[in-house]
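Take a look at this single chain, the form predicted alone, given in structure tokens.
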């Protein structure tokens, strides 16, 4: 089943003005339930507009947005409830922090859902653990924290609502490699524990190769490619023409293959490359024996 589906979506900014610009044109995309889905595309491809369609921040000019099979605009007065079920974390979400403690900031969403104090406490504790935020920081002001810690607080605030679909726009933007690994590890752990659906919007081919089960590629407001991560990365030419490309490790493996080293073509992560190199070295040791 698809957790989120967009059918024939069209959206134009500044209609009937000299600044009219069509951001999405007949876009149909679906995001599988209980999977980590990737949404990629160069700047101007329509990603941000599509993301805002997902939980009703923007309403399409044409087309339908289905959340767990139901049109989110069927009852416009209830669109606020949709945002509890489809949580959106914008790029650089730390700029959205506003409470005087981290605990209050994380609790803001669950409190607006009308949960009991006990359940709110449990959700705050659980969400903080998923993002790797030490419990000693919960009573501190978020504005006293480092940039990476603020990012964790903001992410935990959406996780605490336990939405059916969690949409993350460049969740690791600006973080160092260790911070990226920790953030994505927490997201993956959260998804597996809650069994929900995650959509990661990213420019990083390495990140989506490592963490996403399948990918949707946008170009000029239309869907260019859709499929499993491996299937999409097989279309290297189209990805390069779209300003994207493939992971660096994939290009490196190709160079090794050109030098006659017997490695598979479909390698997209460092872990896969390491496994194959170990296999090859093991085979050569066996030949020498």
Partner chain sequence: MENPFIKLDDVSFSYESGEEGPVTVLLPPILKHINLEIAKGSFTAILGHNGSGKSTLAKLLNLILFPTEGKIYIDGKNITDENMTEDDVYEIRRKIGMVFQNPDNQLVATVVEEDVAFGPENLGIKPEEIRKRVDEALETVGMSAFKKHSPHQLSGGQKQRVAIAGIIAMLPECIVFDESTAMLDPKGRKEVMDTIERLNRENGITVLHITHNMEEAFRADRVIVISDGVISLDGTPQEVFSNVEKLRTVGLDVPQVTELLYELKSIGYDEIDYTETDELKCAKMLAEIIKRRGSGDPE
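Numbering follows the first chain given and starts at 1. Not measured: the values here are computed from a predicted model. What we label the rigid core is the largest C-alpha set whose atoms superpose within 1.5 Å from one form to the other.
The same protein also has a form predicted together with its partner chain, omitted here; what follows describes it.
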Checklist entry - Looking at 129, 182, 99, 206, which is the one with a non-hydrogen atom within 4.5 Å of its partner chain in the predicted bound form? => result 206
Item to check | Contacting member of 69, 243, 230, 26, with respect to its partner chain in the predicted bound form [4.5 Å, heavy atom] | outcome: 243
Checklist outcome for this item: Only one of 222-230, 31-39, 52-60, 248-256 sits within 4.5 Å of its partner chain in the predicted bound form by heavy atom distance, namely 248-256
Checklist entry - Each of 145, 211 and 234 near its partner chain in the predicted bound form, meaning some heavy atom within 4.5 Å? => result no
Next on the checklist: Can you tell me whether residue 175 touches its partner chain? I mean in the predicted bound form, with a 4.5 angstroms heavy atom cut-off.
Outcome noted: yes
Checklist entry - At the 4.5 Å heavy atom threshold, is residue 81 in contact with its partner chain in the predicted bound form? => result no
Next on the checklist: Does any part of residue 190 reach within 4.5 Å of its partner chain in the predicted bound form? Heavy atoms only, please.
Outcome noted: no
Checklist entry - Should residue 90 be classed as touching its partner chain in the predicted bound form when contacts are defined as heavy atoms within 4.5 Å? => result no
Checklist outcome for this item: Applying a 4.5 angstroms cut-off on non-hydrogen atoms, the residues of 225-239 near its partner chain in the predicted bound form are none
Checklist entry - For residue 29, is the C-alpha shift between this form and the one not shown 2 Å or more after core superposition? => result no
Item to check | residue 263: Cα shift of 2 Å or greater between this form and the one not shown (core-aligned) | outcome: yes
